[in-house]
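Given next, in structure tokens, is a single chain: the form predicted on its own.
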């Protein structure tokens, strides 16, 4: 057993208690009422990094959702590793579906349950503890920089502006992003691609004011009806997105990628039962599930607002209704181009009697990662040592908007996390396996050591 392994085993219960304290902070970046909690989470991370011996720790770019920037002790002649993560979390709704409260972390059956457990507090904290584990004596094996933001779940506005002003912060020999997952238990992966995102609100207005459904029902246009008609036209029942031009830019995966995906262990029935937890899989059936989730664009409806949704009854014909929607984008698509395509499609497909508007909230272009650089060989070696298996190349259906900016100075960006596919990120009962948390500390610690050799 290595000194690193021994240290993690000895200090593991403390590490877990510290993570629980981090998870108790409800740092929901999309909700303005939690701005103070986001600031508190940033201060908590700052204090951790100061305690671990970082001589320079700053809160930058935002009063309410600050970026935590930290620099470890200087190690002349050694490479620099930039560690990225985020302390903000998704809203916990619907609360009634949580077995235990989302901000009261609890361990059940070897899993730690809380909002942010895997996305991304548990994973970025594993990287922080990895730094602690290899920094004993005040001399880490490499120069380490931390860039931990508080708006990843709401667009990373402050971080994009910050890196635009100060791109030199991304000068490094490798960037480690601990915000992804294994392909399957005991199958660590490195992501070769991320889908982009185009998030918008579509609003339909059919009259100046809400109307009485008894007096005007049967003749007055209903905003919800019009919105539902529009949404059903934007995507057909078979999953095809009816936005002209959307698919023309899509760059399909290579034959080599497809062949590699076929070799991955996959059980469709288990995937449906344990991960999706639904009665059926939907989408374009002529494409594989990997292609549908990794290599094709999507259109999803996240919520519909308007009319009356309170307790009891109110017989109203709504004058306006809004849907929150998003498109996931794949290689060769550009967010700005998709925005224009969506606007044109909405105006063309909306009922003629309705006024429609589209408001864009945030988004990002898709990412393809070149995994031929040496740091990828070293993260593979670290996983082999800890897990007994190296990484498999996969893509992710999700988005990490800041990845291109992290690599703007040429550093290879390593997307290699320790979550598991059933961790339910963004959903009720989010978790991280306690063993995966400890593996993350060991893997990231070994990676730092290998980088310094």
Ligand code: BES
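Numbering follows the first chain given and starts at 1. Since this is a predicted model, take the numbers as computed values, not measurements.
In what follows, reference is made to the form predicted together with the named molecule, a form of this protein that is not presented.
Taken together, the three residues 119, 152 and 426 all come within 4.5 Å of the named molecule in the model of the complex, as judged by their closest heavy atom. None of the heavy atoms of residue 62 is located within 4.5 Å of the named molecule in the model of the complex. Proximity of residue 180 to the named molecule in the model of the complex: non-hydrogen atoms within 4.5 Å are present.
In the model of the complex, at least one heavy atom of residue 400 sits within 4.5 Å of the named molecule.
Mapping the unseen interface onto this chain, residue 396 counts among the residues with a heavy atom inside 4.5 Å of the named molecule in the model of the complex. Listed residues 197, 226, 371, 345 were compared with the named molecule in the model of the complex; 197 is the one with a heavy atom within 4.5 Å. Across the options 272-280, 314-322, 152-160, 70-78, residues that bring heavy atoms within 4.5 Å of the named molecule in the model of the complex belong to 152-160.
The single residue of 312-330 lying near the named molecule in the model of the complex is 328, the criterion being any heavy atom within 4.5 Å.
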